[in-house]
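The chain below stands alone, shown as structure tokens; this is the form predicted alone.
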């Protein structure tokens, strides 16, 4: 971790005010940081809606990227993202460009913020892998009515996020890490995180390590959230679980987050830009302020971070100044009044609320080499060819078998949306025009060559439209592919 130091000896931070309520929340956070006297300077840059409107599809201009490369630390407000069309999320762009692989989302019970869980002592962190999984954003329309998203999970990504979760536990004095996956269904992708977690856990004997199926984790978060300390999980699972968790303690207004990599860290609230509240001076800035507290700890300003966090807790304990998400927007204090109250309480400590002791986190050092897994033996044993076809499974199967005659491959099965439909087994499957045709070597020996694969593809293309091909790999004697439902 490195921080840019200005000629005047101050730590330089890139600030992105963001969209909607972002500038108001960021203004509150900067006022509080400056009130502590921390030696920092701000380099204000833009991203999000204003940039999209200028026609830049990433939502992140070059001058913002250059600032982040220099400062290595970012405090940002929420950014608007087009929904369901057009450009990628500017938030995701920032996370991926700077390999901020760990998304850290703490949630804890807040004083005088009533919820059905008040008094339960909720204090947990969701550690979400931040750049892979379905959020890699790799999608294709394979037929006009069928789209595909690739779920990319790497051993390197898993090792980094698992080690980070254990190191965070140590830095925050926590004793348990749960790994939440859907490995009972996605045995190769989600299963990779589970296997990596179980391999690395013994290196941290001081931390209790438990695997949990992610849907049970969601169930347990609602049923008994106080059992959790740290939950490490994949990208989409982490996005969902962290929003669920924040609802347990009063909502997104109290949910900070950090996106941390080995080179750059970006601090932001979990919540969005909430445009309907923008400019009304009624929004709860606590999530952004607590994100700034996380930032201060990251740059080594532990005393200032504790001062601000204590002041927030004192303000909430007093209950004199309340935000609209807690008491209603018709009778709340303004954002400015709430910030003023926290500033007035700087230097005080809460009487009923526990504030955790923190120490610097040791970021995991994982090899930068592109290859982490080197099998002793591997071979290509077949291929899946995805075909667009508007007839029946029987018609397609007979046609494909005829085309494959005389090649090194035989048609083993055809699946529709992951379910075996040829040879027919009597399943009541609703069919679409997207078919996965699985071919295997006729003799089961040797290895499929590219020339043999191309020969089959040329034959298929003489009669059918194929859209996608996957080689079937066998790694150290184990299949590197799953079977369709019903396939033997």
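Just so you know, these numbers come straight off a predicted model, no measurement behind them. Positions refer to the first chain, counted from 1.
Missing here is the form predicted together with a small molecule; even so, the following discussion is about that form.
- In the predicted complex, the small molecule sits within 4.5 Å of a heavy atom belonging to residue 95.
- The small molecule in the predicted complex is approached by residue 272, whose closest heavy atom lies within 4.5 angstroms of it.
- The small molecule is not drawn, but in the predicted complex it has no heavy atom within 4.5 Å of residue 262.
- Although the partner is absent from this view, residue 102 stays clear of the small molecule in the predicted complex, with no non-hydrogen atom inside 4.5 angstroms.
- In summary, the region of this chain contacting the small molecule in the predicted complex, judged by heavy atoms within 4.5 Å and restricted to 306 to 314, 264 to 272, 292 to 300, 407 to 415, corresponds to 264 to 272.
- Contact here is defined as any heavy atom lying within 4.5 Å of the small molecule in the predicted complex, and by that definition not a single one of 26, 75 and 340 is a contact residue.
- Proximity to the small molecule in the predicted complex, taken as a non-hydrogen atom within 4.5 angstroms, holds for one residue of 252, 212, 218, 332, which is 252.
- None of 71, 81, 353, 189 but one reaches within 4.5 angstroms of the small molecule in the predicted complex through a heavy atom, and that residue is 81.
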